[in-house]
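Have a look below at one chain only, the form predicted alone, in structure tokens format.
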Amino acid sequence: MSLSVAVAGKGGTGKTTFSSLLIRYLLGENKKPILAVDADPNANLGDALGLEIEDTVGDICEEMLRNKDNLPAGMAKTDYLNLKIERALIESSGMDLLSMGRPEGPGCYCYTNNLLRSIIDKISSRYPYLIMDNEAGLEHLSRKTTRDVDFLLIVSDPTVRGLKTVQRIHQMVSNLKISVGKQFLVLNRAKPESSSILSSHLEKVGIGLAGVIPEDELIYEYDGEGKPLVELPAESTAVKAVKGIVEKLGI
């Protein structure tokens, strides 16, 4: 089985939290190995997974651009870039992490994008499960530096502004002609009254509601103490909610 899931949403909605709990679920169900890709420039998926990031793909691209005339003798650009990216992979039990980092500097996109696309696709094809934590702009999906995804899960907080952002991301996918199998909304940090207040706006979003994740004090506690969210206990309300969403979608 091969499954790829991209998670998107505006900053602060909890998409990284959702991504880490999705990975937690897959690991618990022995669905591995997983390639976790942190494609948000404000990279913090590593913290949520308890992994320390050293190098990012963005750093590697910028280094390659600076030194493009001084690469090791006899080594093709593709081989050099592939070697550096392989070394940037953070390996863990059942899961590896690749951090894309910030968008490349001027000129770097044209110089490396074709090489980068084939290398990332080659790396991701080794894993039956790919979970990608995106920025709202879907930078790496739109550049197609990652393979097509089976699910795009757009995370929103329970606000009208958040749902409008979901609409824009949904429209962006259509406009950019990104290959996405299915799109769903995940409503995060919801209070009991949220659904009734936002019901009319939910209908305008244009995609189905995968599920609702209630506020969970354990998440705030773990964040405050710097504990990885993948270590949250099974009784966590957020963990239970994500389990329900994943099983509903058949991921």
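Start at 1 and count along the sequence shown; that's the residue number. Remember, predicted model here, so these are calculated numbers, not experimental data.
Beyond what is shown, the protein has a form predicted in complex with a small molecule; the following relates to that form.
Answer yes if any heavy atom of Q183 is within 4.5 Å of a heavy atom of the small molecule in the predicted complex; otherwise answer no. Q183 lies outside the contact set for the small molecule.
Although the small molecule is absent from this view, report whether E63 comes within 4.5 Å of it in the predicted complex, heavy atoms only. Result no; E63 lies far from the small molecule in the predicted complex.
In the predicted complex, E54 touching the small molecule (heavy atom, 4.5 Å): Close contact is absent here: in the predicted complex, E54 is far from the small molecule, nothing within 4.5 Å, heavy atoms only.
Please check if K10 has a heavy atom lying within 4.5 Å of any heavy atom of the small molecule in the predicted complex. Answer yes; at least one heavy atom of K10 falls within 4.5 Å of the small molecule in the predicted complex.
Pick from I213, A210, A36, A39: which has a non-hydrogen atom within 4.5 Å of the small molecule in the predicted complex? By the 4.5 Å criterion, the partner-contacting residue is I213.
Tell me which of 25-33, 200-208, 55-63, 183-191 has residues with heavy atoms within 4.5 angstroms of the small molecule in the predicted complex? Among the listed stretches, the partner-contacting one is 183-191.
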